[in-house]
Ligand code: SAH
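Consider the single chain below, provided in structure tokens and representing the form predicted alone.
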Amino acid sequence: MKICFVVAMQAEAQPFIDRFGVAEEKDFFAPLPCRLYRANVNGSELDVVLNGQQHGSDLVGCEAACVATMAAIQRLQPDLIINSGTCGAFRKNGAEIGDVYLSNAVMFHDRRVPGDDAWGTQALGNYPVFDRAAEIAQALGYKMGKVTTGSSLDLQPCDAQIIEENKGELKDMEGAAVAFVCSLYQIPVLLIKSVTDLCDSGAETYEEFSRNLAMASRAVAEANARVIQYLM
């Protein structure tokens, strides 16, 4: 199985890159900012694609995730895309900082498009995820939850309402965008997320995210390695 990881931030990917000793192929996607790291694991090709940087900072959010995912699929032709990274979650749903989840569903929470049911359905997304996600989560002892994606780090009341109405459990900035592109190419997508911040903790989101990013990135790197071992 040819697996390609799509990751937003260098900090999220670095523990995983260090663990597998993958080497960067410079300018593989030029002129796009995406970065490619490649390795051979158990005789199979493993690719890690980062969104890249602009203006000295990591490109986060849906637009960059779409570009990286499309470039990865077109150039690398993977059998499976894994969107790996960090996320927010909710203490009321039993989440704690550092918990690792596999997604059982993924949708957008900030595309508020008025109109008939067809517009609303497209806006929310609700894209399919890898049909072995539950099997993997059970085998490896990870939680499962529904990822909802938006373009901002903060949580506005209108977004919180959509998350609540749709039983969302994890909040990120890339998952649904990656899944959207995968749905166009009919490539299965698996989401692996580790919690950096609790949306209902009362803490300032960026401070909590920054404080826990390194720890959560190590946790998701360990999960990535275990999933690869299970699949490959």
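So that there is no doubt, residue numbering starts at 1 and follows the sequence shown. In this text the structure is predicted, and so the values were computed from the model without any measurement.
The same protein also exists as the form predicted together with the named molecule; that form is not shown, yet it is the one meant from here on.
With the partner omitted here, the stretch from 192-200, 40-48, 63-71, 177-185 that lies within 4.5 Å of the named molecule by heavy atoms in the predicted bound form is 192-200. Heavy atoms of Ala223 never reach within 4.5 Å of the named molecule in the predicted bound form, leaving it off the interface. When the named molecule is considered in the predicted bound form, Thr86 lines it closely, a heavy atom lying within 4.5 Å. Among heavy atoms of Leu36, none comes within 4.5 Å of the named molecule in the predicted bound form.
Although the partner is absent from this view, Cys4 stays clear of the named molecule in the predicted bound form, with no non-hydrogen atom inside 4.5 angstroms. Along 6-45, a non-hydrogen atom within 4.5 Å of the named molecule in the predicted bound form is carried by Ala8, Met9, Glu12, in order along the sequence.
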